[in-house]
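Coming up are structure 1 and structure 2: the same protein chain in two forms, each one given alone as C-alpha cells.
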Structure 1
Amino acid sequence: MSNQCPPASHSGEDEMPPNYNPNNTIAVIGAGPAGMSAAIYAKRSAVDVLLFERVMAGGQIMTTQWIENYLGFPAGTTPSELVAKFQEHIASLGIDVTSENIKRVIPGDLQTVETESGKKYKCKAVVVATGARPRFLGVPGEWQLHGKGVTTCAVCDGNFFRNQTVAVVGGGTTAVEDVIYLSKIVKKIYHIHRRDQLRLAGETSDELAKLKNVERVFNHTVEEILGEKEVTGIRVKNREDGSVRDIELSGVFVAVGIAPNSDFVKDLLETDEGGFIVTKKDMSTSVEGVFAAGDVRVTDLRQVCTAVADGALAGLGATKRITGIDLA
C-alpha cells in the first residue's frame, strides 16, 4: 500500500486509488523529533503514514547552536547532524515528507486533514506534533544575533557560556529557573525584568535570593542587543527615570515565554490557558482519534528526548486506534 493518503478532489468526493485504505492511514502533522518518532512507530506497526511539514524537517531544534545530553552523542552534536539521522531513519521506512501547511482537522470516524491549499486527506488517526515557538523581545539586534549569543534555551545552550557573563530576560517561572540553572555554570548573570519585583514565594524565592553571582536589573526594559558577529552587550532602560546604560556580556537568554503552534486546532481540542494541548498518558486528546506529541502539548520538560518519547507513545496510540492491538 502507498505510504501516503492521496488528496480528495475539490468536488468533495475522495479520489481513492484501488490499493488505498484510509482506515489504515495515520496523518502526522509536523516533522520535528516528535512527529518523526510518531511516524516511525506507526510505520513499523504496518500502518501507512502521511507526514506533513510546513517549513523544514527538524522543527525548533534547528534554531539551537548545539545539542547536548542526547543519548548516543556523548560529545554532543549539531542540530543538522541529528536531524539528518532522523530523516535517514524515516526514509529507510519509505516515509515521505509532504510540504503542506495544515489549515484544520475535521474529526470523524475518518479524520479529515485540510491544507491551506485546499487539499483534503482522509485518515483514521491524526498526530499533532507542530511544536512551539519562543516569544521574542522584538528589539534591534535580537534576530540578527539569534544563535550567535542570543538564545531561548538555558538547558540547551547554557554550557556554551561557562564562566562567562550573561543576561536572563524575563520575570516568569521559566526565567527564574533559567537564572538558577545558569548560576551554576556562568560567572555572572544580570537578571533583567521590566517590573520591580518577581511574583515568587517559598523555596524558589529563597533559592534565588542565595545566589551570589546574580545582579538584579529590575524595572528595566531591553532596548537593544549589541554586537555585530556575536553578542557583546545589552542596552537597558530604566522605566522610572528613563536612563539608559549598556552592560557588557557574552550571551542573552530570552525567557519571556513560548507559544504553541496550535492555532489550527484551538477550537477543536482542549488546551490550557496558554494554548498547549491537553493530553492523556497515551498522548490522546479530547477528540477521539486525535493525538498530540512534543512541545505543542502540556508538559513539564521540552527537550529532544521527551519529544521523541511523546512521539513514540502517540504513534503507538494512533496505531492502536486502527488495529485495536495494544503494542506497548
Structure 2
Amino acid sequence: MSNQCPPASHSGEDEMPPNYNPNNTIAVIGAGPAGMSAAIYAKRSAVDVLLFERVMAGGQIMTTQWIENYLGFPAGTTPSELVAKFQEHIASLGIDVTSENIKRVIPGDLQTVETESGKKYKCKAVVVATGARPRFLGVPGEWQLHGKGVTTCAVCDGNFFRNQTVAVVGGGTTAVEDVIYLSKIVKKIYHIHRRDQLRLAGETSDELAKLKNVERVFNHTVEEILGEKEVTGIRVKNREDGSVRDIELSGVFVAVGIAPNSDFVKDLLETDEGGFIVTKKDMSTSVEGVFAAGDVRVTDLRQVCTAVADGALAGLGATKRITGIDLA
C-alpha cells in the first residue's frame, strides 16, 4: 500500500479511498533532518506517513558548505551527500515527499492539515519540523539592496564576489563559517560583530584567526547599507566611542541568526517571544496531537544531530497517539 494518502475534498466532505486510514496516519511538515527522522520512526512503527515539504528536502543544511561533528563522518561531509543518504533512507521505507506549502493545522481528534493550494489532509497527529530561516538586521538599505549585494547565503552567492571586498555581519557559527568560506574566494572581508566575543557552540575560532584577508570590526553595529542600485558600502558605528565610518565594499553577507518558520501555527501553539515552539521532553506542544522537532522549537542547540534526535522523539510521540504504545 502506498503511504501517499489523497487529501480530503475541497468541499470539506471527506472522500477517503478504502485504503486510506487517517486514524493510522501522521503528517510531518518539513523534510529536513528532523522531519525525515520523525517520518522514519513513525513508519517503522507501522504508521502511515504524509511528509510535506514546500521547497526541497534537506532543509537549512542545504545552504551550509560543510557538515562537521555529525557522528559517523570523522572527516565531515557535504550537505548534499548527507541529505542524499537521508533521502535514500526514507525512500527505502516507502516514504514519499509531497510538495505542498502548509497553510494551517486545525486540531481535533483528527487533525486537519490544510495546504496553500486548498487541500485538506486528515490525520491522527502532526509533527511540525519546518526549521528556521535567516534573520535580517533591519537597517536602512538592507531590503532595497537585498539581492543586489546583500545576501544571507555565502555558499549560494559567494562566487558573485570573487576578488571583491565584502562584509560578513554576525558573531555566531554561521558568520564564522561564512568568513572562512569566503576568505578563499574574495579579496578582503570585514568581519563586523556588535560585541567583542564570538558566540560559538563548542567550536573554536582557530582557523578564523589564521586568515590573512580578514579584518575584524568588532564592537561595531551596522547603521546602514549604502548604495543606489547595488551595494557600494556599509556604515558602521563604534560602540565604545560612538564614531561612525563608511567602508567601501560590494557585498554584505548577513549572518545574524535565525527566525523560526512557525507563522502558520503561531496562533495555535505556545511559542517563546521569538516564535520558537515550546515543547515538552517528548516533543509534544501545547496542543494535543501536535508535536514539534528541530530548529523550529525552543532548544539549546540547533545542529543536524539534535534535529535528528528531536525527530525520533516526535515521531514516536506522534505514533503513540495511534498505537497507544509508549516506545520512547
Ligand code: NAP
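Computed from a predicted structure; not experimentally measured. Please note that residue numbering is based on structure 1, beginning with 1 at the start of its sequence. Heads up, when I say rigid core I mean the largest set of C-alphas that superpose within 1.5 Å between the two forms.
Undergrad: Between the two structures, is it 1 or 2 that corresponds to the form predicted alone?
TA: Pick structure 1 here.
Undergrad: Could you let me know the angle, in degrees, that the smaller of the two rigid parts turns against the larger between the two structures?
TA: Between the forms, the smaller part turns 57 degrees against the larger.
Undergrad: Core-aligned, what's the Cα displacement of Val217 between the two structures in Å?
TA: With the rigid core fitted, the alpha carbon of Val217 is displaced 4.1 Å between the two structures.
Undergrad: Superpose the two forms on the rigid core, then give the C-alpha shift of Phe136 between the two structures in Å.
TA: In the core superposition between the two structures, the C-alpha of Phe136 moves 3.3 Å.
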